[in-house]
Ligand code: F6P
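Below sits a lone chain in structure tokens, taken as the form predicted alone.
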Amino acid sequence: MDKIAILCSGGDSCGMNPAIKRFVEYSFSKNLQPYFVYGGYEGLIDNKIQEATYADVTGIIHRGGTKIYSSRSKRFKEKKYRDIAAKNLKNLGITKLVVLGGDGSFRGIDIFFQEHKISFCGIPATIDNDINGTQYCLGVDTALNVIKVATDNIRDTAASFKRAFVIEVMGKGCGYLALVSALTSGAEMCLIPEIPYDLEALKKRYLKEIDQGRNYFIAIVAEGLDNAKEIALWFEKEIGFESRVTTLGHIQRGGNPTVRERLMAYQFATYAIDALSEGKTNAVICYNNGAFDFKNIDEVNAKKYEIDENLLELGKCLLNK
């Protein structure tokens, strides 16, 4: 049997475990021996590579995070450690690798492939949904649903006390989570790195809305702006509303994967194995306009992800007048 391995790199995301389950089961159906790399690129370096069995993936489809652990490996940035990782794979006879991760993970595996020619297929997996070339990354749907529940709960107390609540969500360099959450939760404000905001224009609008009966505010801001406390203070000083800040933090990464997440994971893992079985060597499986397609890693890494213009246009009313 040919041997194929899977690893998770970078931040964990819901959907990883369903993808791992499908990876094992589909590998066996394709006459491939699956292996787990425990701990991402760190595990490659430390030779934490083991054969996977059906028993390993029993009962994991409903769990968040990743059974095989993840890491952000500084050592993998150094050639001497990448050489060790390649030697470990070659000693076991593993010639194919599936990588679940984000932008940094894909840049790392691209360099690894150029140096050692170990075939790989990347599966976009990050709740930030910020991988160029794909409209969907594993983890984003579950994260959005976690934010939805939290925001709906916060709205109850905001309305009861006539307060402004500033909710900070993840997204250091990308405002996708904040934007979609704001649009789908009925927030009055959304601040993201991609769109300049105008507090003076918002102040005029909010004061007018208060005269017309608005008595609480929900503001959703991306963590990359690092301004949640500043905005809460602005609501108190300029709008006259008692304010609170809620930072959702890492609860956005965990939880029970949604139905959509599980289905997408199933399909991502299937297409990744098919790609490697068909001879693709350095591809990323992407999802766009309702269909899966393969992109060369160079195309995915070529530029920074940009939120769809139509989505940004919808959000502009939450950032300015």
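Since the structure is predicted, the reported quantities are computational estimates derived from the model, not experimental observations. In this text, residue numbers run from 1 along the sequence as written.
Here the subject shifts to the form predicted together with this ligand, a form of this protein not shown in this document.
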The listed residue (80, 74, 250, 237) that reaches within 4.5 Å of this ligand in the predicted complex by any heavy atom is 250
From 97, 170, 190, 147: within 4.5 Å of this ligand in the predicted complex by heavy atoms is 170
TL;DR on 120-128, 179-187, 209-217, 226-234: the one with heavy atoms within 4.5 Å of this ligand in the predicted complex is 120-128
